[in-house]
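Starting off, we have a lone chain in the form predicted alone, written out as structure tokens.
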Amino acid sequence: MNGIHDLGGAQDYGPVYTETNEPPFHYDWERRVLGLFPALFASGAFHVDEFRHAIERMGPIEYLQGTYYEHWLHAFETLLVEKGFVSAGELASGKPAAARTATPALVVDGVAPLLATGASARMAEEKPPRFAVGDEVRVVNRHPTGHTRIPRYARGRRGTIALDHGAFVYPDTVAHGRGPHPQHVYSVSFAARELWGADAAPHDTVRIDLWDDYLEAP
């Protein structure tokens, strides 16, 4: 979806400040929020694309004023309420309203394997690839209201298929509970000037991972 989160290629937001010797966490609550992700993910509370879409639905001011882990916490709260794991009242009070059926916990012995292997979105091929390495393609100029992984700065731009990663779940459907619909994902190479105009370095390229349905013949 188009929103304030899609900052690639946007201008006039000021410089990016870096912090010397920046710690992994600035506050202890950030550490706890990070720990919630694998526990909630393992319980089936959400898929990663649902998580991303929950962040995308933040209001522009709230998003810009929030920190990285505040975005995560917002997504957890949004999805847990929407999926009935907790009510809005329970979230506000911090106390359960009634006894609930326990969700299987992520035990200590299961943490290391989950973090080591992740939860790959790779799937068996459902349909053959539409493109091959070396094919010229154009990114569809589509502006959906739901979740998508098409950066705005790449829409309508021409590139070349550099690599076929294989088949993966389709973010635009799985984020909304409409099934995985696996399709091929490609690393597409774009000339920097195709994306950014004549002021870009003439020999630079940018590679973007894009799904079959994001591409068309030029």
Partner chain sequence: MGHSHDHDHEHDGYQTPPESIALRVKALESLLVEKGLVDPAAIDAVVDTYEHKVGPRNGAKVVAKAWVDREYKARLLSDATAAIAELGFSGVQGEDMVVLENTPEVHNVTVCTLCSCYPWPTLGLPPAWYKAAPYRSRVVIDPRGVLAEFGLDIPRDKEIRVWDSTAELRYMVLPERPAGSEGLSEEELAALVTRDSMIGTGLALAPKA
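Residue numbers count along the first chain shown, from 1. Because the structure is a prediction, the values reported are computed rather than measured. For the two forms, the rigid core is made up of the largest set of C-alpha atoms that agree within 1.5 Å on superposition.
The same protein also exists as the form predicted in complex with the partner chain; that form is not shown, yet it is the one meant from here on.
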Answer option from R57, H181, R32, R158, heavy atom within 4.5 Å of the partner chain in the predicted bound form | R32
In the predicted bound form, does D204 have a heavy atom within 4.5 Å of the partner chain?
-> yes
Applying a 4.5 Å heavy atom distance criterion, does A121 contact the partner chain in the predicted bound form?
-> yes
Could you tell me if H74 has a non-hydrogen atom within 4.5 Å of the partner chain in the predicted bound form?
-> yes
Is there a non-hydrogen atom of L80 within 4.5 angstroms of a non-hydrogen atom of the partner chain in the predicted bound form?
-> yes
Looking in the predicted bound form, the residues of 183 to 205 with a heavy atom no more than 4.5 Å from the partner chain, listed in order, are V185, S187, R193, W196, D199, A200, A201, P202, H203, D204, T205
Would you tell me if P202 moves between the shown form and the other one by 2 Å or more at its C-alpha, with the rigid core held superposed?
-> no
